[in-house]
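This document opens with one chain alone, in structure tokens, the form predicted on its own.
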Amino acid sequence: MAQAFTKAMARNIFYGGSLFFILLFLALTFDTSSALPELDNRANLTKTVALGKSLWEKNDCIGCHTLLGEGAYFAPELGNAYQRLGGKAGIIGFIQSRPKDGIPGRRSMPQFNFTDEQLNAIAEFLKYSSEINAAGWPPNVQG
């Protein structure tokens, strides 16, 4: 009972498959758009957080660190740095404690000589980042 594969069969498979994937795309789009308002934390976005993000980009922090899994894996993940370092004071203290020329023979974060306003902005940006629902990322406390 071998049948030949006809043009009509190919056309039906094409149209049926196309319809299936269009409906699947629409269903997933609807599901995503209905879930986004629950995940939205733009209410916490302030000018200080925006300044911290600007400093993050200007100083190429992502060139060494990851944030929510994106970036370089040279230095620790910073998605949970706010909790790991003990809040805003811990972040500011850690950044200020970096030696001027780094630690000889070791990779270490340089001293950027940020102002108090800039340190506060970076800490606020990392606090904001830590509040994003990242579905359990990073997987461990160390980052």
Partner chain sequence: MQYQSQAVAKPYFIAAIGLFVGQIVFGLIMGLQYVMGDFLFPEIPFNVARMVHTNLLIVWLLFGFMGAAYYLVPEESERELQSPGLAILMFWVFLIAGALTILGYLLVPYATLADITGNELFPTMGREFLEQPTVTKIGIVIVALAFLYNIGMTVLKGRKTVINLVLLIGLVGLAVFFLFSFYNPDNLVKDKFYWWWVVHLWVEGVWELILGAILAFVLIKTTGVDREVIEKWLYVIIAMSLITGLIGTGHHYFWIGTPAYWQWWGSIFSALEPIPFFMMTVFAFNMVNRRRRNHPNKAAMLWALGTSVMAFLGAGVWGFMHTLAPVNFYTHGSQITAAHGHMAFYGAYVMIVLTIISYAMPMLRGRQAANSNRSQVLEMWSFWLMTVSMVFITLFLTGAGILQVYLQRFSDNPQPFMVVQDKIALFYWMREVAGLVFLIGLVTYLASFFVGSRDAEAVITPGGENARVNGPAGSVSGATVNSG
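No experiment lies behind these values; they were computed from the predicted model shown. Between two forms, the rigid core is defined as the largest C-alpha subset superposing within 1.5 Å. Positions refer to the first chain, counted from 1.
One more form of this protein, predicted in complex with the partner chain, exists but is not displayed; see below.
- Using a 4.5 angstroms threshold between heavy atoms, G86 stays clear of the partner chain in the predicted complex.
- In the predicted complex, the partner chain sits within 4.5 Å of a heavy atom belonging to E70.
- Taking the partner from the other structure, the partner chain in the predicted complex has a heavy atom within 4.5 Å of a heavy atom of N59.
- Although the partner is absent here, D116 is not a contact residue: none of its heavy atoms lies within 4.5 angstroms of the partner chain in the predicted complex.
- Residues of 115 to 130 that come within 4.5 Å of the partner chain in the predicted complex, judged by any heavy atom, are F125, Y128, S129 in sequence order.
- Once the cores line up, the CA of I13 ends up 2 angstroms or more apart between this form and the one not shown.
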